[in-house]
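One chain is shown next in C-alpha cells, namely the form predicted alone.
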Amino acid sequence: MNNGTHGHVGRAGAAGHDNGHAGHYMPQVLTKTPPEISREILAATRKVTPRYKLALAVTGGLLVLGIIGFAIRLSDGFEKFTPWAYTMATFAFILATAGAAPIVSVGQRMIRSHWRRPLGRAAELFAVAGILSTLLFIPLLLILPSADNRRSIWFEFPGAPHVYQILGVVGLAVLGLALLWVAAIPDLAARRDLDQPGAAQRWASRLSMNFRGTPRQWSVLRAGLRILGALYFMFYIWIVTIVAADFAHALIPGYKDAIFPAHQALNGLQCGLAATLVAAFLLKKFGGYNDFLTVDQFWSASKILLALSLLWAYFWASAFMIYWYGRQPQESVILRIFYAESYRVPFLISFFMLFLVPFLGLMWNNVRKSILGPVIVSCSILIGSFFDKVRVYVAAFQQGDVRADALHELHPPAISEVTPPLLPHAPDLMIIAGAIGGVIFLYLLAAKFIPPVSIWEVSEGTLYRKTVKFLKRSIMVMGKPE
C-alpha cells in the first residue's frame, strides 16, 4: 500500500462524508510523510512549556510529601498490618492502573490493530511506574508472615510467599521497562540522528543500540516485542493473582471466593485502558500531539472499555451471589464487612463508578464516538477502582490484626465479628497523594525523553491507509501487512 497524499490529517473527506450521510463517520487518515511525522513528534517531545514545569513541580512536591508520610509509617514498624493498610490499597491501585496499562499496547499489537498506533506508547510509558511500585511493595512484604502452618495457596512451597511475591513484582517492573525500551529503540535512533548535540541526544545514541533500520534489525525488534509482550501479560496475571491471594484472601478466615483473583485481574485491564485514555487526552490537549490522537483511538477503545465494565459487573455478581444465597454465619459477616456495613460507602462508590457510569455512559454511540465521553468514563473508573482497593485490602489488613491467631493455624475458626471501618490517618493520605503524584511525575519525565507517540508505528500506519474518491464521496482504503 502506497502512502497517501502529503498534508495534514485528512478531515475534509470525513466532513464531506458526514454532511452527505448524517450519522456516518469515516476514520481519519494521517497523510503526513514519515519525515514530517518525525519532526513534529520530536518537536513536541523536546518542547518544555510553563504548564509542563508546573505539573512537574506539583507532582514532584506530592512525591516528596509521600516520602515523608512513608518515613513516618516506617516508625510504626512491621509488627502489625493496620498501619500499612492504605499503603497496600495504594500499591494495589498502582498495580491495577500503571501496571496494567502496557497490556493495552501489547494486546492490540498482537492482534495487529491499526487504530492503536498513536495510543500504544502512551500505554507503554506507564511501565516507569514499576520503579515506584517496587519500592512501595517492600514494607508490605516485610509484614507478610511465612506460609508455614497457615492457610494459603502455597502449601509447602519453599520460600513462599516472599520469594515468589518479590520475583513477581520485580519481574513485572523489569519486563515493563524492557518492553518500553525495545519499543522505543527506533524513536531513540531518530532522536540520535535529528536532535542537536546534548545530554538527551547522547543518551538516545547509547540506548538506540546502533539501530539503523536494516531488515534484520526490524525482524529482531518485532520478535523481541512479541516475546516481551507475552511475558509481561503472563507476569501481570500471575502477580495480581498471588497479591490478591496473599494480601486479601489468606488474611480473612472463611473468605472463600475462587473468582476474586480473576476479578482483580479483569479490573486491572479495565483500569489500564482507562489510565491510557486519560493520558492520551492530556497528551492531545496539552502535549502538542493533536494531529496524531484523534476520535478514532478514543472511539475504538471505548468499545473495549464498555465490554470490560460489563465483565466487571458479571464477575462481581458471580462471586456475590454465592454469599448472598449461602447466608452461612461467616458468609453473612463477610457480607456485612465488605458490602453492607463496615465498607458500604467504598463499595457503593466503586459499584457506581466501575459499572453504572461506564454502562449508562458508553451504551450511547454519541458518547463512545467522542473524545471527552470516554475520558470522563475513564476518570470514573479510576476513582471507583481506588475505592474498591480500599474496600478489599484495608478490610483484609484490618482483619489480619483482629484475627492474628488465624495466621498461625491451618484450620482457623471463621470470622464472626463485624469491625468498624479503618479510616486513614495523615501519613496514609500523604502516601496516597505521594504515590499517585509520583507515578505522574515519572511519566512526565519519561515523556520528555521517549516520544509518547510512537514515531515508527505511526509512520508505518501511513503505509496501510489512504483516502480515495469513490463515486461522489471519499472513502478510506486500508491495506494489511500480511
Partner chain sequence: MQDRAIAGQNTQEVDRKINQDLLGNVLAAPMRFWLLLGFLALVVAMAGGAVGYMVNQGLGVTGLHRPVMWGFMITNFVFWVGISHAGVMLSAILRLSQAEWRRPATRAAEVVTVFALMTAIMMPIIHSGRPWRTLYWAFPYDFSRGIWPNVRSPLVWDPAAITTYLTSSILFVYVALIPDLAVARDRSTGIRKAIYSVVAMGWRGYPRQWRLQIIAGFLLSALILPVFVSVHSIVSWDFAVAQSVEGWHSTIFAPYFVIGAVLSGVSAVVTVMIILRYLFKWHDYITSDTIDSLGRLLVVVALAWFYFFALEILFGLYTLENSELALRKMQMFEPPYSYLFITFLLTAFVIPVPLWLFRSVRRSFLWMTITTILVNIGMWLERFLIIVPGMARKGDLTFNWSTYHPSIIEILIVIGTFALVGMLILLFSKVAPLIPIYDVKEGQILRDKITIGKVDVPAVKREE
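Residue numbers count along the first chain shown, from 1. Predicted model only: the values in this text are computed from it and were never measured. Take the two forms, superpose them, and find the largest set of C-alpha atoms that agree within 1.5 Å; that set is the rigid core.
The same protein also has a form predicted together with its partner chain, omitted here; what follows describes it.
Checking 317, 135, 174, 227 for any heavy atom within 4.5 Å of its partner chain in the predicted bound form turns up a single hit: 317. Of the residues given (255, 81, 387, 93), 255 alone sits with a heavy atom within 4.5 Å of its partner chain in the predicted bound form. Stretch-level contact analysis of 336-344, 214-222, 270-278, 145-153 against its partner chain in the predicted bound form, using heavy atoms and a 4.5 Å limit, identifies 145-153. Interface residue remark: residue 85 is not counted as part of the site for its partner chain in the predicted bound form, having no heavy atom within 4.5 Å. Residue contact check for residue 250: one or more of its heavy atoms lie within 4.5 Å of its partner chain in the predicted bound form. Proximity of residue 181 to its partner chain in the predicted bound form falls outside the 4.5 Å heavy atom cutoff.
Its partner chain in the predicted bound form comes within 4.5 Å of a heavy atom belonging to residue 241. Shown here without its partner chain, the chain has only 299 in 295-313 lying with a heavy atom within 4.5 Å of that partner in the predicted bound form.
For residue 468, a C-alpha deviation of 2 angstroms or more is recorded between the shown form and the other one after rigid-core alignment.
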